[in-house]
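The data below hold one chain only, encoded as structure tokens and taken in the form predicted alone.
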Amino acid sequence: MKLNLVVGGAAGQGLKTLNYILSKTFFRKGFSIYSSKDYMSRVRGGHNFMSIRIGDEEITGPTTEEDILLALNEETIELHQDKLVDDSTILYDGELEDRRSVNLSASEIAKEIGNSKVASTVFIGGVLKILGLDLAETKEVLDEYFEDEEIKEINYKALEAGYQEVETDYQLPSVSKTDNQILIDGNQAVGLGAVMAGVQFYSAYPMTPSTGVMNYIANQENKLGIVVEQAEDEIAAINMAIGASYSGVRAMTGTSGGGFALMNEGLGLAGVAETPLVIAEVQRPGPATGLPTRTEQSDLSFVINSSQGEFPLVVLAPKDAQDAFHQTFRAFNLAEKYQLPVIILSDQFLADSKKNITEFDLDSLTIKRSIMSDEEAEKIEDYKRYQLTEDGISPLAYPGQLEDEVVVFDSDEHDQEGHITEDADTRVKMVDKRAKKIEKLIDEDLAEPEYIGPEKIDYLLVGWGSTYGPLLEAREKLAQDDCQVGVLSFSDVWPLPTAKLEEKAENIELIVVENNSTGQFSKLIRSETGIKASEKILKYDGRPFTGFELYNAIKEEVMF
């Protein structure tokens, strides 16, 4: 069983609260959840909607098919009626003559109760009754969400009033609650991964859709002793993080496309100074302001080629919330081990989508610090910050750690001690030294993409980052049609791991799926391996793929 509820209305009508309360309720009742947002870049007005897909088995992505529409205004019905399935239900705040409609005078009920703002809670009561669910978990969620006792009471009344006004229409299967599940979105997962990796300093200028990462870490600031700085712009944000990292603490910054453009000079500084740095780049469509609240995977080429000159960096693109947590944790260890910038390339779709996942196994995590210990520091004589070594990695100390030694940090080309030089021979040695680190990383830490599917296939679907969930659903539907299809999903995108791709791509049709207009990942694959995609399925309207959409595209554009 899978059921998709869509909550639609204008910004300012309480959609966010309604979505939160309903998602939490379904989660606590034991259903699998996939919640996503489609919202406009404005404070009030416009049309926004949020989807909550629930089921009795894992859900990996959104769908455009709508079973229940919670329409907070008439415009929502006009915009969504074409997506409603045949036996759908419309819960509408008013009088609507439609065989599918259940009219619920939520606004009037809210006024009678004494607070017009609780109309969305009346809706929650109504939809729970339609689904044949009780109110116990919802009351718990309301209790946690509202602090003021008077506000809690009026929301309880609104919830029960909505519940009494409608009849049950659906019979959902019984599901069992599990104790090892959490409900989390992509930005929260990145923030939690950073916290568990021991981040001590986070600086950022708020920019949609990356702000959620800063909000999450800021909420842990006092509890965990993390310094969170809202900088005046992205230039300051990255330079603050570089300074913090130089002082020996784990540091991170975050932004979205246009903000990352501003960070580019700072990124090069981290590269030449060999300063460990983690950056969350949560993509949105560009160029310039683009579509601030929409999604796209169009920063890939920009990010892997960012800043001037040549220096090593790593780009990780999380597949889902579970992966976002682990990739962020991993990013801190990699940044410090190889003394370079590591970029977490997420996007709005992943950032704002919430799903239930298995609790993280925290015992399996190991923070690997690569700064020399104080005991090692005591034995150091004639310290060279940029010492030439066989693997390109120099001993890393923080200022003040070495008695009578200075830890020199330099943005110019420099010698082993960190002093500025224009000597040709030294320049070549330093460029080669920095490049060697990537050779070591490829040998020891680069992760091959995940493969899902049978051993023998006719088609290979290749994706990166957040296309993972929709690709899984599309593959499952194709398999039901007896199509032999596999999915290869990349999280490490730079340097590009090539072994599994070369193994799987032999003598089959390779279909690359990505959220941009030029097939940036397809080009990257071809430049790194010579492998050319048979087909590309691209989407760049600011919306994510759905599994059903990919299934149809593959059947219609590739197989026939």
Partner chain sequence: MLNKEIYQADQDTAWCPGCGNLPLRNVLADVLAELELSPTDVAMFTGIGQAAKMVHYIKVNGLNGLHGRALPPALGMRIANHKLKVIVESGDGDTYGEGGNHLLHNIRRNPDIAHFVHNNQIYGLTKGQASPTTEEGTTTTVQPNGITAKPFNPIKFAVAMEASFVARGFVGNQEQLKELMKEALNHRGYALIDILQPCVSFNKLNTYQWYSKRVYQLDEQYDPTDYQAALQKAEEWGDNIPTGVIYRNERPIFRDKFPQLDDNTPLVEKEINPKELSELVDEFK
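From a predicted model like this one, the values you see are computed outputs, not experimental measurements. Numbering follows the first chain given and starts at 1.
What follows is about the form predicted together with the partner chain, which we do not show.
Residue 448: touches the partner chain in the predicted bound form, heavy atom cutoff 4.5 angstroms: Residue 448: no contact with the partner chain in the predicted bound form.
Proximity of residue 408 to the partner chain in the predicted bound form, heavy atoms at 4.5 Å: Yes, residue 408 lies within 4.5 Å of the partner chain in the predicted bound form.
Distance check, residue 174 to the partner chain in the predicted bound form, heavy atom within 4.5 Å: Although the partner chain is absent here, residue 174 would stay clear of it in the predicted bound form, with no heavy atoms inside 4.5 Å.
Distance check, residue 302 to the partner chain in the predicted bound form, heavy atom within 4.5 Å: The answer is no: residue 302 has no heavy atom within 4.5 Å of the partner chain.
Which of 455-463, 309-317, 145-153, 361-369 sits within 4.5 Å of the partner chain in the predicted bound form, heavy atom basis: Careful reading of the contacts points to 361-369.
Listed residue that, although the partner chain is not shown, lies within 4.5 Å of it in the predicted bound form (heavy atoms), from 184, 340, 393, 161: Contact residue from the list: 184.
Interface residue in the predicted bound form among 28, 523, 500, 47, criterion: non-hydrogen atom within 4.5 angstroms of the partner chain: The residue in contact is 28.
Sequence-ordered residues of 179-210 touching the partner chain in the predicted bound form, heavy atom within 4.5 Å: If the 4.5 Å heavy-atom criterion is applied to the partner chain in the predicted bound form, 179-210 yields 179, 181, 182, 183, 184, 188, 192, 195, 196, 198, 199, 200, 201.
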